[in-house]
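In structure tokens, one chain follows: the form predicted alone.
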């Protein structure tokens, strides 16, 4: 990275620079047809049930990933007490999230024990597992963590905006990730990622940006899988 580019990034947070640079790809995730179908009230509920079962499997794989980020924060953060508090909040919320998935699955007649992870889900979970390696730097892991959470927050918040036709039975789902409190949590993760990126080497920044893009691509594939309803 040339000095000029680093200087330009310093004027605005690095994550903001990425979001501008990769705006079309990011919007492809946060305004995906699956999300728009919820927002417009014309979602095929079989697609929602597909998402529900597959995301339950993903969240179970997400828990050890977040635990690994917590460990990396303890070892690799220059403000470990703050970072660990933020990440611990996420760990605690995941326990409630798993319970919520079980309750919703029961309500919708989805047998979680019968769910087989589809390819997009398997690929995403393998990606998470690769980030758990001790060789993966904290800066890269926290970048991925922020991006994963941010896509969900912005996607479901889109379904809660004025004038939307989100079905009443899906309002609770949208509130779970689209609420303001979760948005503030995502912002806390983003601040940690930006702080780490500001002092990172050019090589780490390049790797972190590639990881951000991988997350967004996996999110799009996950929505694609769900939107197919199979």
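Worth saying up front: this structure is predicted, and the values here are computed from it rather than measured. Positions refer to the first chain, counted from 1.
The same protein also has a form predicted in complex with a small molecule, omitted here; what follows describes it.
For the marked spot (59, 62 and 177), a heavy atom within 4.5 Å of the small molecule in the predicted complex is present in each of the three residues. Residue contact with the small molecule in the predicted complex: residue 127 places no heavy atom within 4.5 Å of it. At a distance threshold of 4.5 angstroms between non-hydrogen atoms, residue 18 is out of contact with the small molecule in the predicted complex. When the small molecule is considered in the predicted complex, residue 148 lines it closely, a heavy atom lying within 4.5 Å. Taking the partner from elsewhere, residue 194 is found to have every heavy atom lying beyond 4.5 Å of the small molecule in the predicted complex. Interface residue among 154, 97, 104, 137, judged by heavy atoms within 4.5 Å of the small molecule in the predicted complex: 97. Only one segment in the set 158-166, 24-32, 50-58, 197-205 has residues whose heavy atoms sit within 4.5 Å of the small molecule in the predicted complex; it is 50-58.
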